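Presented below, as structure tokens, is a lone chain in the form predicted on its own.
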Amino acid sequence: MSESKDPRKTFGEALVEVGEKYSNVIALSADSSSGSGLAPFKEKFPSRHLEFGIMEQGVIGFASGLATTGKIPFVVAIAPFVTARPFEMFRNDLGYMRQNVKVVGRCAGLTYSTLGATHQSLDDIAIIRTIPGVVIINPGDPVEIKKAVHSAAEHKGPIYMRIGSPAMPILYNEDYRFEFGKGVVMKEGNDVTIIGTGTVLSKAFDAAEILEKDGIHASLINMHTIKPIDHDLLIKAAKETRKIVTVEEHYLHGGLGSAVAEVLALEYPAPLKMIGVDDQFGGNGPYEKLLGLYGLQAGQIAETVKEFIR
């Protein structure tokens, strides 16, 4: 993991690529265009870029209308402002109407660290997961972000994708194959399975490396799709290692850990440890320090796994 890239810039590059491929792709934002990486798209396709200002509920409704005419709208803004603020419109205009709109929440999780709880998004997966038919994608590296954007443009139906803001380590080669609903085994092991997602996938990867040096052979899964989640891979992992640990930059309630717990409880009960933010609002401060505050640094994850498998 020697190289890192800005996820917002990477997203913007990918959107230009799909804009070149599909003339009906349109970018919409709510007072968030340049910060969301949309500047290159606006420069190349000025007539296909719409900036609405601070009216997120209106943007969602407008995007739904555009989708009825055959357009493929990508709505991009700060994560809590495209999920929590316009939830009713997301549920009714996009989910209930099954509109082909792609909503991208940037600076998700704790990554809007210094602005505190109002701008952090630790509940976005939980609330959007309640909407029937919406695919939820949480890419774990820059290569995966690009693959996910291309796949989102090709997918028919509403999608929510979350990305962070700090530079992300590159974990995959360009020939990496991305598929909605299919988790990816990054490491094989038989002592425990670690399931990581999104902005902290690299932390889970480093934790698995630390454990390997300590003689603990962890299997590592990248669960980039939270909904629909990969049932078959989860059951296979539970049967093979008998212990599961989830790692996410999200509340413990309603996120990846909850989704995994639901599958295990109904299909193959196995011990589960969830690592994330417990029942509290996020703090304010430098991003890496906030990750440490909630036990999401690689060394902390490794120690938690060790305690769990004892």
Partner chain sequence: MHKLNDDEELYLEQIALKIRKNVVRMIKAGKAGHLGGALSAADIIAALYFKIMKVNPQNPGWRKRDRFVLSAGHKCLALYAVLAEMGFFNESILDTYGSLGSKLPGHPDMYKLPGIETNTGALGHGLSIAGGMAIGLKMDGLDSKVYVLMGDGELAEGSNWEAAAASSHYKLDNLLVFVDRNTLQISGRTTEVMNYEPLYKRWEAFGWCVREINGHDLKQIVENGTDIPFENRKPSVIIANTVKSKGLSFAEDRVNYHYWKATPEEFQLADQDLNELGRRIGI
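Here the structure is a predicted model, which means the values were calculated and not measured. Residue numbers count along the first chain shown, from 1.
Unshown form predicted in complex with the partner chain; subsequent notes refer to it.
- Among E88, E240, D232, D214, the residue placing a heavy atom within 4.5 Å of the partner chain in the predicted bound form is E88.
- A heavy atom within 4.5 Å of the partner chain in the predicted bound form is found for one listed residue only; from A261, L66, A39, L252, this is L66.
- Residue contact with the partner chain in the predicted bound form: F62 places a heavy atom within 4.5 Å of it.
- Looking at I26, you'd find a heavy atom of it within 4.5 angstroms of the partner chain in the predicted bound form.
- Contact annotation: M97 falls within 4.5 Å of the partner chain in the predicted bound form, judged by heavy atom distances.
- In the predicted bound form, no heavy atom of E144 sits within 4.5 Å of the partner chain.
- Although the partner is absent from the chain shown here, none of S4, F11 and E17 has a heavy atom within 4.5 Å of the partner chain in the predicted bound form.
- Only one of 265-273, 30-38, 280-288, 48-56 places residue heavy atoms within 4.5 angstroms of the partner chain in the predicted bound form, namely 48-56.
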